[in-house]
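Two separate entries follow, structure 1 and structure 2, each one form of the same protein chain as structure tokens.
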Structure 1
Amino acid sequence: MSAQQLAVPPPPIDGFWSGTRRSFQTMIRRNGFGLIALVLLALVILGPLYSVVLWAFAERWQYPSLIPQVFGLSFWERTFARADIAEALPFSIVLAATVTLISAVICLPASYAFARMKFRGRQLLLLSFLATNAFPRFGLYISIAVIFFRLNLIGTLPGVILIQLVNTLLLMIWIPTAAFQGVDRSLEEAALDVGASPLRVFVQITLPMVMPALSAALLLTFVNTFYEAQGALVVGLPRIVTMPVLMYSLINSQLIVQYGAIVSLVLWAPSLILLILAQRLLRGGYLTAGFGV
């Protein structure tokens, strides 16, 4: 995409601070940059999605035409009549929910300890979870798969759950830890002071205050796990086929374009939830929390 306009930083910066002087000239330049960025991004970001959405509702779409010649829903029926899809979709949902639940059970107590308890090596152990991001991911999956191979975990549900759990750790520990740390201790002390037991303080004071962060962590973990394809591919095949893994074969070996488009659209639903909540997730800094930033 036109590197000329985007690649050179100075022209856009130029005007942003100079304010009054040369403001007219810079305003044009600034808006020029924004306008060009908008058009290019719209083309490149929305273009691919445009194709998918239209293909999902196309009965017939022959080259060259900007829109399908015939719209219709007949492929939807055929798509969901396929046994592999009908099986993989609910399985994927249950799998993602299971992994999220296990992750929460494992990680939430840990995050509470990281936030609220004093112990030697606390900071170091908390940082050690960054290691989940510090490896080239697919190499790591192969390494894990080799071990699972010897343990006969390839193609088993526990194998897939384990490999997907690894990806959830950082997010499920760091977001809640920050949230628990954010609860001012004197708010809890004030509750103790009026006679609440420690358990009640946790349930009625601490928990409501960390709830937004915890729900964000759960939601993001669910969605990320739902779309996790690579670990499941390496460890799950041939017996365990999640929906994203099925997509590989739909893309690679399916002559009917509509199947892939329809499945893509259906698969996109969880992301849509994130998109709707995007502002809140962004404001809480949750969207980048999985990367440690």
Structure 2
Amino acid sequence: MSAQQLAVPPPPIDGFWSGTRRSFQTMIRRNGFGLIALVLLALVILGPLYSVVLWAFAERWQYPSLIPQVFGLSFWERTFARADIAEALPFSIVLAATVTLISAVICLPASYAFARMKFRGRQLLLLSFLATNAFPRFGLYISIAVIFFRLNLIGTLPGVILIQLVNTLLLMIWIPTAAFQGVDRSLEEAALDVGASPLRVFVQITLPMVMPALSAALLLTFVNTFYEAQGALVVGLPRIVTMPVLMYSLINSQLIVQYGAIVSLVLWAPSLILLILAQRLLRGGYLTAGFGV
């Protein structure tokens, strides 16, 4: 390296900052609307979470302070010492698992039939499972509750299970149907040609290929069932109280905000983990394929 090259001074700091400022201004001009929308979306989504997290650990929070004056964990112990929460939380988990299992037993064979059998009205029947999502659910629940009242199912566990099964049909039918349709039939036919039984082909070839989609459908169904409140409220009360139903009273009828915030935070964390797992399982595009059947 020559002496002239060594003598060249480094670029001035002012030039670096002016170039950075010009780049930032260019980005704002090109993507200004997208950045504004992103900031607003973050405020809408993260704003309530910010409040919930702070209230969950707040001992004292008075206006106009933006953060609690005193943090602590005393309300956590008081929250889980409540008899209604200690009873409703494990009951809701067991109930959601039970509904998911029953839904899988009913819907997975139907999904396989939709994927492999061609019959008249197949497409119309598949679209009928959108009915619970195409109309206001509360009105549908009221109509079902009238029938359940005549069958003496109001305020009973079977009634709550039946009303929650209605919400599982879309996920547990459409996603597995798309997964079964995506299986390469030539692999199954090759296994049959070498003497494998249909049951062995299904267990060792078909099932492993669709397992990611089935797992995602099960996880999404469990989360959806766990947070279902309107059906359980209309059909289950007064004897059957799930955690989402109890949240109504914790949020709307309690003077202690921390109760609702702590339970919301505790319930939010497992659902986030399950949804992340479902997203990882759905990298193959089974969800988008399922809703394009």
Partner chain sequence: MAILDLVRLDKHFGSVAAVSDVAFTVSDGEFMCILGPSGCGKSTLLRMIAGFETPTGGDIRIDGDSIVALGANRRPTAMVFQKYTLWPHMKVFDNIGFGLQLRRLPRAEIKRKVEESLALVSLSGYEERYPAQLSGGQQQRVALARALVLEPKILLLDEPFSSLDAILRVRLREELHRIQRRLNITAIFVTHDQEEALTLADRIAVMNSGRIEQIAAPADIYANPASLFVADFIGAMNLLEGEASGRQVRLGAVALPTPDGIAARQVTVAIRPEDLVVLDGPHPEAWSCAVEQISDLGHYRRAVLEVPQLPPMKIYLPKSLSVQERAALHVYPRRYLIYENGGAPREVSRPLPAAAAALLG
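Small disclaimer: the values here were computed from a predicted structure and weren't measured. When a residue number appears, read it as a position in the sequence of structure 1, where counting begins at 1. We call the rigid core the largest set of C-alpha positions that still match within 1.5 Å between the two forms.
Trainee: Quick one: identify the form predicted alone, either 1 or 2.
Mentor: Pick structure 2; the other is not the form predicted alone.
Trainee: Taking the rigid core as the superposition reference, indicate whether the CA of residue 139 shifts 2 angstroms or more between structure 1 and structure 2.
Mentor: No.
Trainee: Having superposed the rigid core, state how many Å the Cα of residue 193 shifts between structure 1 and structure 2.
Mentor: Looking at the C-alpha of residue 193 between structure 1 and structure 2, the offset is 2.6 Å.
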